[in-house]
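Coming up is one lone chain in structure tokens, specifically the form predicted on its own.
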């Protein structure tokens, strides 16, 4: 028993601790990026109801079924529902947030290129759920 060395075990423990610290730091950074809404983000109220989306910009402009935004500008979505649970999704920008009656959930994004993208509901919300779609128009105003 006297010839047994504990060094390999200590090295193993040190490597595991270093990896856990690195993974924790990366997760904290990802959480910080997701939760940090830029101060100059325009707030858009997103309301889901069977079976369409409505959008209200800060200046009072309302859109139904389509949303127009500008490239390079940050937007904060305040997502809510008027009737049942929905889930607001812009697949191409990895935006996904539940729309729950009586609750406001927030998510933000900043489009980086002009284009047209699908908006859809990702929560089964009733008979015509499959048709609860919208269109995001990302426009260049330079």
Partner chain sequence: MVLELQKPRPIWQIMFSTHHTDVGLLYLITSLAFLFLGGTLALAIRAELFLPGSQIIADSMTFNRIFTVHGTTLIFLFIIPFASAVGNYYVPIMVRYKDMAYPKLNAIAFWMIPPAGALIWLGFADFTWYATPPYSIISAPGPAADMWIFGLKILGISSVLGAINFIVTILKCKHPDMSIGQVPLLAWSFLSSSLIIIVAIPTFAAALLMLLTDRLGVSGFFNPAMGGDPIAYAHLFWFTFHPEVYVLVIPAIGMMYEIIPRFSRKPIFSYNSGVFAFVLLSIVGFSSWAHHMYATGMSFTEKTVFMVGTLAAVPASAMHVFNFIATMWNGRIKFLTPMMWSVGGIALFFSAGAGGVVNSAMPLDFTTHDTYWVVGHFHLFVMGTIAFGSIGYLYYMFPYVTGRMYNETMGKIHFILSFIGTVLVFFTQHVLGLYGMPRRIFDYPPIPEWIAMNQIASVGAMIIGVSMAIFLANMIHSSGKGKLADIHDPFGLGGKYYYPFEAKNPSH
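Owing to the predicted nature of the structure, the values given are computational and were not obtained by experimental measurement. Just so we're on the same page, rigid core means the largest C-alpha set that superposes within 1.5 Å between forms. Residue numbers count along the first chain shown, from 1.
Omitted here: the form predicted in complex with its partner chain. The next part is about that form.
Q: Does at least one non-hydrogen atom of residue 80 fall within 4.5 angstroms of its partner chain in the model of the complex?
A: Looking in the model of the complex, residue contacts with its partner chain do not include residue 80, since no heavy atom lies within 4.5 Å.
Q: So, residue 67 and its partner chain: in the model of the complex, are they within 4.5 Å at any heavy atom pair?
A: Outside the cut-off, so no.
Q: Even though its partner chain is not shown here, does residue 41 get within 4.5 Å of it in the model of the complex, heavy atoms only?
A: The answer is no: residue 41 has no heavy atom within 4.5 Å of its partner chain.
Q: Taking heavy atoms and a 4.5 Å cut-off, does residue 62 contact its partner chain in the model of the complex?
A: No, residue 62 is distant from the partner.
Q: Given that the partner is absent here, state which listed stretch (87-95, 108-116, 70-78, 52-60) has heavy atoms within 4.5 Å of its partner chain in the model of the complex.
A: Going through the listed ranges, the match is 87-95.
Q: In the model of the complex, which residues of 20-38 put a heavy atom within 4.5 Å of its partner chain?
A: Going through 20-38 in order - heavy atoms within 4.5 Å of its partner chain in the model of the complex - the hits are 20, 23, 24, 27, 28, 30, 31, 32, 35.
Q: Would you say residue 20 moves its Cα by 2 Å or more between this form and the one not shown, aligning on the core?
A: Passes the 2 Å threshold, so yes.
Q: Once everything's superposed on the core, is residue 11 shifted 2 Å or more at the Cα between this form and the one not shown?
A: True for residue 11: a C-alpha shift of 2 Å or more.
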